[in-house]
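Presented as structure tokens, the chain that follows is alone, the form predicted on its own.
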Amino acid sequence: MNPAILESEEVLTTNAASILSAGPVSPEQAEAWEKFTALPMPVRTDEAWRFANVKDLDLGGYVPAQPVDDATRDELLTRSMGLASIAGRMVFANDQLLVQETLGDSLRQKGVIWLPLDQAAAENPELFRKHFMREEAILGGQKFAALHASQVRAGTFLYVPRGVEIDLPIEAFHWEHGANGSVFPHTLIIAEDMAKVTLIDYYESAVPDAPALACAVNDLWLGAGASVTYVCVQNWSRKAHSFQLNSTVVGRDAHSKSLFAQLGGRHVRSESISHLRGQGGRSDMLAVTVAEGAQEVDARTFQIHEVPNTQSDLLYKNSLDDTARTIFAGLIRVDPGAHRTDAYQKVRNLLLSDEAEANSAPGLEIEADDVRCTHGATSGQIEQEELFYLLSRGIPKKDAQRLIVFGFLNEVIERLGNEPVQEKLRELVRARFSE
């Protein structure tokens, strides 16, 4: 490894807090750090990093983000505007909890646990250890998963007991403030049998053009018959390096629905894996990307059907302008004996300039009989007939293009099936266009 990079990585451990205690780095984090330093940095010849611009992955110059002052705290709390009606909320800045709006008494009495990650680790150690980062990162991000495990000190922990349904969404805001800061947000959701919940993560930078490093991990666990909707809005600084690793385990007759909105970041790497481990389980994997300038959004996905009678459906849509690049590499795998699998994978790219570049590589690996698996990827430009129709009605060209792109992406948003959440996402996409 480049000595300069290693030296800068050592800076990241300065004053690193333990997720399990308020004292020195825990043995688990020390072990994760050793794994991180032992693993090589990715190179473009690695199949898992094919098409990626790995020369931009230099970690030099990043430092642990520091606590914000009172004035900044008040400003960020004011800017943490989500849905009008929610069941609970947490706001973090630089991996420090600013505010926690607790759940109502009725949900707490039913056994729902909604805590900051470090508090949950201390108060519910067995439950925490059983689910925290138990699934390996297998899509190329092993080094960054180890970095996260060695540095994480903040995030949310949500436990929903058997049969409990939380009607309103829960929100968490994760802010990065200050140039060259590094943050490591974590989300852990455990939904027991027949439980139901929706959680929204907002990843935001206080300054839209400050360099930053964000390395986030999400663990979602669904028991039999559970229903979990997870939405992540990634809107880091336009100069941020963003790594995001998602793992979802779907039990019998459970339904997982996740949507990733990629709006910010300079170099964005997203890895998402769905493990379908119970018959009747279903996973919907959704994403919308608005990329412009020199942004690169690199998405890797894995739909793993481990037992018979499971379903998965992936729909990713990307709009690209200027010299933006997107990468999609997704695999559907049907394990031996996982008969009657129904899996679908579709990626669509809308190119708004001649210099934009979309790379798509969907794939199938089938080792069972009686399955239905399809995949496809398309890239194209705005239909001139659609544009002409809007122009003929007096709509300026730029506004007409935005309307077409918005309609293109809105198909994915509508798949959520929750109107308040959908409208919030539409609002955020519109705001991105207005920039």
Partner chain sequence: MRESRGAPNYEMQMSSLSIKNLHVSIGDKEIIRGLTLEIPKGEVHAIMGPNGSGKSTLSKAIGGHPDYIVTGGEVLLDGDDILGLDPDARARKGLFLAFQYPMEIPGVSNANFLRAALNARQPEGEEIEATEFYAQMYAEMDKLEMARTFTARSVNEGFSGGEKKRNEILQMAMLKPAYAVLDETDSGLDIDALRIVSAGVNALRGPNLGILLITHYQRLLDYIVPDVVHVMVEGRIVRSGGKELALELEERGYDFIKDDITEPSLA
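Numbering follows the first chain given and starts at 1. Bear in mind that the values here come from a model prediction, so they are computed numbers and not experimental data.
If you look for the form predicted together with the partner chain, you will not find it shown, but the lines that follow are about it.
Put simply, of T37, N410, S26, N53 only one has a heavy atom within 4.5 Å of the partner chain in the predicted bound form, and it is N410.
Although the partner is absent here, R44 is not a contact residue: none of its heavy atoms lies within 4.5 angstroms of the partner chain in the predicted bound form. Although the partner is absent from this view, Q66 stays clear of the partner chain in the predicted bound form, with no non-hydrogen atom inside 4.5 angstroms. Using a 4.5 angstroms limit between non-hydrogen atoms, E31 is distant from the partner chain in the predicted bound form. Of the heavy atoms in D58, none are within 4.5 Å of the partner chain in the predicted bound form. In sequence order, Q384, E385, E386, F388, Y389, L390, L391, S392 are the residues of 373-392 having a heavy atom within 4.5 Å of the partner chain in the predicted bound form; the partner itself is omitted from this view.
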